[in-house]
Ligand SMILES: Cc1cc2nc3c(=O)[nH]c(=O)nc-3n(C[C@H](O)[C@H](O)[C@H](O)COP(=O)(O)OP(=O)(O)OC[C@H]3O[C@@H](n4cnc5c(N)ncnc54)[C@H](O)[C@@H]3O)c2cc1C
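The chain below stands alone and is given in structure tokens; this is the form predicted alone.
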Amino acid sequence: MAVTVETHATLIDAARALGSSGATYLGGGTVVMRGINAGEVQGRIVRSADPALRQVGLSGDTIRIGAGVTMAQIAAHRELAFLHPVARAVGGPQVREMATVGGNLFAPHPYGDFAVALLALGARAVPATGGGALPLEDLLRDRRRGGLVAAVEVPRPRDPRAFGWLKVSRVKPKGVSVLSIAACLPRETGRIRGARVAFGAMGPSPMRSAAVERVLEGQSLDAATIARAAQVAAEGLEPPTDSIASSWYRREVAGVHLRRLLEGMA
């Protein structure tokens, strides 16, 4: 089947063109182009040249990042310093020039490390068709029904030390994830309030760890708390087996790497 590409001036026009037709949306193309080249993606390809997709805006403690903003843009933006390590961990320089925030939300396992960080930060997804922003976990829970995303709204940590990030791969810096972990642990008078911990490559999509968050909430980040969190790191998660690592291996090492991340944030 031939591939046809439609370019629309606005994202809302692109969303209407997609409708329920089964067409494929093309963002940066790091995943879709590979599918096209392999003959796995065929038919209509829809893209948008809407300049709003590439914009970053600040409003108080919230940063709105257009879905078409690339990892290279993130890594170069002064106001997004807390996300620089995450963006730089996505692929090599050429991939980062093309890979977008929106594409990362829909990237299949084992990709999507940037979405892990956004999930831990409590980001919300802004639908292209309008309406209120949605919690990112709602989008990630069923990405097939997610529709086009115009932007993400990201709460900026008041204390940069409250956010931590770790990617574990077999080859640095370009290897895909054995697993990734992001934690947002705001503290009041030394106690964690509103703990959010997310894992990548430990399920079909980035997932929060309710077990780890329960252990951390209301506690100080001392050695005993970190040890208890490490013990429950894999609870409720469903790590897959692939060419990078087995499900068993991911379960075994999740606690080790969570401990290292938390010790670095203590």
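Counting begins at 1, following the sequence as shown. Note that the structure is predicted; figures quoted are calculated from it, not measured.
The protein also exists as the form predicted together with this ligand; that form is not presented, and the subsequent description refers to it.
*Asks:* How about Gly164 - does it come within 4.5 Å of this ligand in the predicted bound form, if we only consider non-hydrogen atoms?
*Replies:* Contact check for Gly164: no, nothing within 4.5 Å of this ligand in the predicted bound form.
*Asks:* Does this ligand come within 4.5 Å of any heavy atom of Ile192 in the predicted bound form?
*Replies:* It does not: once this ligand is placed as it appears in the predicted bound form, Ile192 has no heavy atom within 4.5 Å of it.
*Asks:* Taking the shortest heavy atom distance, is Leu26 within 4.5 Å of this ligand in the predicted bound form?
*Replies:* Result yes; Leu26 sits at the interface with this ligand in the predicted bound form.
*Asks:* So in the predicted bound form, does Phe82 come within 4.5 Å of this ligand, heavy atom to heavy atom?
*Replies:* No, no contact at 4.5 Å.
*Asks:* Would you check whether this ligand, in the predicted bound form, lies within 4.5 angstroms of a non-hydrogen atom from each of Leu179, Ala183 and Ser209?
*Replies:* Not a single residue of the candidate spot has a heavy atom within 4.5 Å of this ligand in the predicted bound form.
*Asks:* In the predicted bound form, which of 213 to 221, 195 to 203, 236 to 244, 27 to 35 comes within 4.5 Å of this ligand (heavy atoms)?
*Replies:* Stretch 27 to 35 is the one.
*Asks:* Pick from Ala123, Ile74, Leu140, Val90: which residue has any heavy atom within 4.5 angstroms of this ligand in the predicted bound form?
*Replies:* Checking each option against this ligand in the predicted bound form, the one that comes within 4.5 Å is Val90.
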